[in-house]
Every structure is written in structure tokens, then in C-alpha cells.
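Here are two versions of the same chain, shown separately as C-alpha cells and labelled structure 1 and structure 2.
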Structure 1
């Protein structure tokens, strides 16, 4: 009997997919990376399905690639040859929503925006809101420690996670964390799993912190600048002035052109950058006016404050169009560097210089209030991978981010795409410690192999700057 037959018998044919065409649709994420040929897909509908799958995989030494909605941009859910893809998309229950304790217990397949909507029925909100919040899942957000538009005020996903239910590689169930806001019993296992990209265990439920929803609609401003450096300086000035924005997003000229070519936003010839900011505080309108004045003082050619929810939705919607608009231009290498906020203008300048030096189109958007930039390197549709000049430009961008005291990834995760630069940031001691942690939780190396961490000896050589 084939090993897969034992899994089918344990879970039923409805849960285990072996049709090659269907498997292929589950083996990819939103990167250009080509997957291998997985053995099967498990459509988990409960924790018991996950337990049975991992027990089987451990017994038969089969790699398992956990998967959410497949919206990842770093190759974290790309499946390899002979693996079983473990899809969590059918685990969609909000097991509990407690207004009194301001918590929710959600399964990994819950859509991020759906949890926020459920919380708002009780006057609460789920703060993390990645740009893909209408299609990305809680499980995927947990796996990558996703950020989002509101993280300048409310933090990233980890800041809203109190506890987890995790199935370990051998099928044991581990409960981490707590239901309380405070708790320091033992090591922070919850924080360890958040951002681990499914390499340490499979999350089957999360206890999440909710927050009071703002009493009224947020006030939003949009400012246009003649240079990215001026826009970056305005961001620094807004933060230094203590305006406490709940959203601060930056779009460069190339991104605005992509959106204008798709939706016709009336982009002015001299506009090189747009800054979209928001305040959801009680005095939000006054805070937005204050940020408007700071933008004008820092060279904005045009600034406007929204007059109602409709205009606010339109402006924030413009930011959420950035990536799909850029995708229309070609295949995309979507990167995610983060630098100290004071270094934002220098990082923006470095991205522009790399684009010009290597003749590469780079469309940059940023969670500017966090110093988190997303340079998107655009290349020809249908190419197997980015051409040498794209890798060379990316190398410059990553190297400069580290020189400025930043990091290679703020919220997308390492996945497969960041492996070639990983050693530059982590160093040998950190790499050794992380490998040791991996060995404790997954001694057979079956969970999402090759993702998030890697043996230093396996890290690819950096692309040459002369390419």
C-alpha cells in the first residue's frame, strides 16, 4: 500500500486531493517562483485533520508545506517535490469573540477583514490590516508576522497575539500564551511561532487582542510632492511633531503612474510622490489639519483633507491599488526593507539610484511611518526569474538598508526569495541558534523545509554588482 493511501484512509478522499491539476493551484503563492510537484493537498477542516496529517507525515518522513490563502510575496508557501500541501483555508471559524475581555479566538482560515468586521459589531476592531486584508488569512498573517497600513499606531500582527494553538511536527498539540493582556510564565513561545513561516508548527487557532474601535470615521489627508526626499522629510517631521497618525503611506511616481494608467486618477506631471495620512483619534480632523500644515511646510505642492468617509475610503483605496496596478506592468519581485524612520529619505534615495544605475523599473510604496518600504522590481512577464540587472539592483537596495541600520524584511517574511541575503543580516551565531530552535520543534526537518532559515553553507552567492 502506498503511504498516501494511509492518509486518504485516515482523512477521507474529500480531504486529500491527488489530482495534479488541482494540486498545482495550491502549490504556488503570488511570487514568480515555480513550485515542484507535491504529492497531495490536504484540505484541513479541523485541528484533528492537522494532527492526523502531521502524524502521518512524521511516520512516513514526508515534508509538509502549510498554506493559507496563497497571498504571500516571499515564496513562503511554494511547495517542493514530494511534499504534502496542508491548506488551512477551510478552517474559518471565529470560535469566540468576547467584548468583555476584548479578545477573539480565530482559526487560521479566517479572512483578516472578516475578523475586523465581526469585532466592529461589538464596538471593537482587529487592528492589523495588511493591504491584502480582504483576501489574506489570519494564519498567513501569523506565519509572516504581517504588518499593514495601521501598524504605525497599532503595531504588527505579533502585537495583537496573546496565545496560540499549535500542532507540532509529530502531531502533538501545544497551547501557548494566555487570554490575559499580561503574562510572563516561561519563555515567549507565542512570539516564537509568530513569523516562523510554518517551520516550527502549524497554527490551528489564535487568541487575538481586540481594541476599541474609533468613535467616528478617521480624518485623512493626501499630499503631493515634487520629490520623494521632500515626502520622506515630511514623514519625519510629522512623527517628530507627535501627531500620532494611525496611517502614513507613501507612493512614488512609478506607482502612481501604474495606478493612473489603470484607473485614471488625474496624475499631475510634476508629482513625484504622494503621502496619504490618517488620524483616528478623537480630534482626528484637527490632527489631519496639523499634518496638512507640516506637509506644506516641507514642500508639498498640494494637500487636501477629506471631508467625509467617502473621500477617506477613496484615498485609502488608492493605496490598496498599488500592488495590483504594478502587477499589470510585468512580473514582480516584491521586496520589503525596513529602516529607522530617520533614515527613510536616504533609503528612498538609494532605491532611486539603484533603479537608474541598473536600468530597472522599481515602483516603491511604503508604510512610511514605520520606515517600511516595499520596492517592487518589475520585469518581463513570462521570465523564469528576474534578470541579472534586477538581482543586482535588489542587492544594492538590501545592502544599503542594512548599512542604514535596517532589516531585509519587515513583514513579508524570508520565504525563498530572501535566502540569498539572509547571512548578511543574521550572522553565524544567530543562524546557529535558529537552527537549534528548528531542531527542537522539527527534528526531522519536515515542516516547510528550506523556508525562513537556512544553513549558512547553503546560502546562495550574492549576485555580482557587475552583472
Structure 2
């Protein structure tokens, strides 16, 4: 019996796919990275399927690459030769939703926005909202500790996770955390799994915190600035004033030009940045007007508060156009640096300098309240991977982010893409400790190999076709 037949036999409900074309579609994420040739895809339908798959993988020493919807931007779900892809997309049950305790227990395949909608039926919300939330899964969000637009007010995915059900590499089931909002029994294993990109175990259920949904629609403002410094000062002043925006996005000139070139928004020649913010508080309209005043006081050339849902839709719609407008210009390497909030103008300036120096188009959108920037490096459609000048510009951007006290990745994760810069941020002690933790959970090194943490063999070259 071939090992794969033993796997098929051990599964009760899961489907196993061995068609190479189908496998290939399950071996990619949203990056340009080319996968290897995995053995098979297991479409798990239950925790038992996951247990059986991991037991089998341990027995036969087969690498396992867990995945959600494959919307990742760092190569975290890209699978290599000989691996089994473990898709959690069919585990879509919301096992429990308790309005009284404001918690839900969701399986990893639940679509993020579906959980939010289920919560809204009870006057609650699930706060984390990565841009992909209509197609991303809870499991993927947990694996990357996904952020989103609302996290300026409500925090990242970690801040909404109370406990996890995890299958370890050898098939043992581990329950972490709790159903209560507080608790300090033992080490924080929950936090350890969140953001670990499937390298420590496979999450089969999560106890998630819900929050009261805002009473009414949010109030929205938009402001245009003639200088990045002014826009950055306005962001800092808004946070310092305690306005508690529920969204605060900044679009740089390159992004605004991309949108203007597509949709003709009448971009003024002097506009360097646009800031769009919302408040979902009870006194939201007042908060939006306060934020408007702060923008005006910080030199905004234009600022307005929306007076109704139509205008709000138009303003937020601009933000939504940012990626599609940029994608029209070429293939995209979407990056994700995060800097202390006060360094936002310096970081955007550095990005613009890198773009100019290397002749690369970089359009930047930022979750400004968090100091989290997404510089999108544009290169030729159809290229197998970004050309050298893009990598050179990216090197410069990452180096500058770290110099400014920032980090390589605010919310997308390390995956394969950021391996080559990891040593710049985390020292050798951290790398050693993290490999030690990995070995506790996955001594055979079978779970999503090569991702999340610095590898022993320093990855100097770019990950490419031969993963």
C-alpha cells in the first residue's frame, strides 16, 4: 500500500485530492511565488480528519502545509515538493455563539465576514477585518495574526482570541486559553499559536471575543494635505486627542495618481496625501468634526465630513479603489512595514526616495493610526517574479523601517517572502529560542517547513521556483 492510500483509509470524512492541476491551485497564495509539486490535498471536514492526517504525516515523515483560503501575501501557504496540503476551508461551523458572554466558537474555515454577520444578528460584531475579510478565513487570520482597518480601535486578531483547539504535529489535541475575558493559568499558549503560520500546530476551533456592534452608521471625514509631514502630524494629533477613530487610512500621492488615472477624481497637483477617517462611537458625528478640525489645524488643504451614507460610501470607496487601481498598473509585491506612529512621514518619504532611486513605482496605503504601511511595488505583468530593482528598493524600505524603530511586518506575516530580512530584525538569540519552541511542538519539523521563523540554514537567496 502506498503511503497516500494509508492516508485515504485513515480519514473518515475528508476528501483527498491527487489531481496535479487541482493540487496546484491549493498550493499557492496571493504572492507571485511558484509552489512545488505537493503529493496531495486533504480537504478536512472535522478535527478527526486533522488528527488522522497529522498522525499519518508523522509516521511517514511527510511535510504538511495547512491553509485557509490562500489569501495570504507572504507565501505562508505556498506548498513545496512532496508535501500534503491540509485545507481547512471545509470546516465552516460556528459551533457556538453566545450573546450573553459575547463569544463565538468558530472552526477555521469560517469566512471572516460571515462570522461578523452572524454576530451582527445579535447586536454584536467580530472586530478584525483584514481587507480580504469577505474571502479570508478565521484560520488564516489566526495563522497570520491578521489586522485590518478597524484594528486602530479594536486591535488585531490576537486581541479577539480567548482560546484555541489545536492538533499538534503528532496528532495530540491541545486546548489552550479559556472562555473568559481574563485568565493567567500557565503560559500564554494561545498567543503563541496566533501568528505562528501553522508551524506549531493546526487550529481546529477558536473561542473568539465579540463586541457590541456600533449603534449607528459611522461618521466619516476626508482630508487632503500638501505635505506628508502635515498629514503625519494630523494623525498623531487625532490619536493624542483621544478621538478613537474606528478607521484611519492614508493614501500617498502615487496611490492617488493611480486612482485618478483610472477614475478621474480631480486630483489637485499639490496634494501629497489623503487621510480618510471614521468614528463609530455614539457621538461619532462630533468625533468626525473634531478630527476634521485637527486636520485643518495641521494644514490640510481640503477637509470635509460626510453628511450622509452616500458621501461616506464615496469617501471610503476611494480607499477601496487603492489596490485595484494599483493592480491595473502591473503585477504587485504588497509589503507591510510598521513604524512608530511619529515616523509615518519619514517612512513614506523613504519609500518615495527608494522608488525614485531605483526607478520603481511604489504606491503606498497606510493604516495610519497604527503606523502600518503597505507599499505596493509595481512591476511588469506576467513576470515570474519581481525584477532586481524591486528587490533593491524593498531592501531599502525594510532597512529604513527597522532604522525608524519599526518592524518588517505589521499584519501579513513572515511566510517565505520575509525570510531574507528576518535576521535584520530579530537577533540570533530570538532565532535560537524560536527554533527551540518549534522543536517542542514539532520535533520532526513537518509543519509548514521554512515559514514564520528564521531557519537554521540562513536563507540568503530569494525563494523561487525550487522551493
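The term rigid core refers to the maximal set of C-alpha atoms that superpose within 1.5 Å between the two forms. Positions refer to the first chain, counted from 1. None of the values given here were measured: they were computed from a predicted structure.
Here the chain taken from the form predicted together with a further copy of the same chain appears as structure 2, while structure 1 comes from elsewhere. Residue 24 is not among the residues whose C-alpha shifts by 2 Å or more between the two structures once the rigid core is aligned; its shift stays under 2 Å. The Cα shift for residue 389 between the two structures, taken after rigid core superposition, is smaller than 2 angstroms.
Annotation: Cα of residue 261 displaced by at least 2 Å between the two structures, core superposition. After superposition on the rigid core, the Cα atom of residue 13 is displaced by 9.2 Å between the two structures.
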